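Shown here is one chain on its own, the form predicted alone, set out as structure tokens.
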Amino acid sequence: MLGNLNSQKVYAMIDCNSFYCSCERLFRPEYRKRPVIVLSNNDGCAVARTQEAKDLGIAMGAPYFKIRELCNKHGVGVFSSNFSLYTNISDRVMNILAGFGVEIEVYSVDEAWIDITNVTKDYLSYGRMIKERVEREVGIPVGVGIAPTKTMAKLANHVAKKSVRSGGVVDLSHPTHWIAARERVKIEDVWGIGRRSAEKLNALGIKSAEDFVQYQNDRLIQKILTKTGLQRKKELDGIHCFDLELITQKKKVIRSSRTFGSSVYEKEAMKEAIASHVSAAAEKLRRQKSVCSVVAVFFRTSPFKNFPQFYAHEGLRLSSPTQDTRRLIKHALELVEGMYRGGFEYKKAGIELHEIVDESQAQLSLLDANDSPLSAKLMGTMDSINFWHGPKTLQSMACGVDNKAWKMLREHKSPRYTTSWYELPKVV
């Protein structure tokens, strides 16, 4: 099946441990051995937990108001989401991995695969060196899984995090170690197998990754999990199916939405919220060097309250593709004017940018002043200022001023230690 093992690919999957919580611990050493959780937008529920928090019985997605007393009792470190900090720390980790001079696929903010096929034959020592360097230079603990396929490297990483004896690094580059590792991993913990798919596989008697590999009816597996799921099964048996994705795929739809920290009752507050979402989305659009032809706006009341309900969603096709924040805000606010209905308690709003293409493929309007070369320079200058001085340092007046009624609730937010001059720790 594998042929000559020396000719096979070998991947290392690097995954940061409890990444959001580890970022918070970097600057709060008193929490190094204490339980820590990070909350979702508006401090709604736990979206990241350290092992100590898990041991207390804090479940993923647990509403904070239900676990607040438990957190206070056990001295749990509670933090609001601080994505500016997390993104910056992620960049530092990925830059170190890229510095090894290998091909890298950044899979998410805290995960990456690297190709170590021709780097060394002592894969275990190399994995330990990666782990030591990331932890020494950034301070974020990581697990490293090594194997001949991406799916198996992900499985090896899972084992590395669960096994105390492994020291956080597991090498499955040789078939003699595969079966033992696959037997330890539940089917729901295999990369790409969601809860519902796991339930269907459980009904077939497939409880572990090893059961999955040994199951003989590939046609049924493909029917349940599609072709991609069948390929994951083959990868767990050492058959290479997925190459590294070295080029980041550009988004086809860009969304920005959020539940309000406090309810919105006025149209002007809604306009400010929509303008802010447009600004965030337009910045992402320019970052990937794209333009869009459709902007859509939506807002709604809370479906969980026994109040009159209202939901609005409408899109507008632009006369020409654009990436200009001002032009997108102008059309989004036109939609708000036509859609807004007074007398409701609004709880969430957002925008979507559709029909996105590369800026090089679109002919910008020569008649619209907002799409002139001067406009592009203005947008670039604004993005640069916000990059160096922090998000929203410079923005459209349509976004309003501070202390907005709709501002996100973040009562436990840590400072932006690495991205804001104004929030650096002060030594006196």
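This one's a predicted model, so the numbers in the text were calculated from it and none came from an experiment. Just so we're on the same page, rigid core means the largest C-alpha set that superposes within 1.5 Å between forms. Don't overthink the numbering: it's just position in the shown sequence, from 1.
If you look for the form predicted together with the DNA, you will not find it shown, but the lines that follow are about it.
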Given 342 to 350, 319 to 327, 88 to 96, 134 to 142, the stretch touching the DNA in the model of the complex at heavy atoms within 4.5 Å is 342 to 350
State the residue from 289, 227, 73, 121 whose non-hydrogen atoms include one within 4.5 Å of the DNA in the model of the complex. 227
The listed residue (107, 100, 215, 310) that reaches within 4.5 Å of the DNA in the model of the complex by any heavy atom is 107
Given that the DNA is not shown alongside this chain, does residue 34 nevertheless sit within 4.5 Å of it in the model of the complex, heavy atom to heavy atom? no
Does any heavy atom of residue 47 come within 4.5 Å of a heavy atom of the DNA in the model of the complex? yes
In the model of the complex, does residue 174 have a heavy atom within 4.5 Å of the DNA? no
Interface membership of residue 178, the DNA in the model of the complex, 4.5 Å heavy atom rule: no
Along 243 to 261, which positions have a non-hydrogen atom within 4.5 Å of the DNA in the model of the complex? 250, 251, 252, 253, 254, 255, 256, 257, 258, 259
Would residue 313 count as moving between this form and the one not shown, using a Cα shift of 2 angstroms or more after superposing the core as the test? yes
How about residue 301 - superposed on the rigid core, does its CA move between this form and the one not shown by 2 Å or more? yes
Does residue 264 count as moved between this form and the one not shown, where moved means a C-alpha shift of 2 angstroms or more after fitting the rigid core? yes
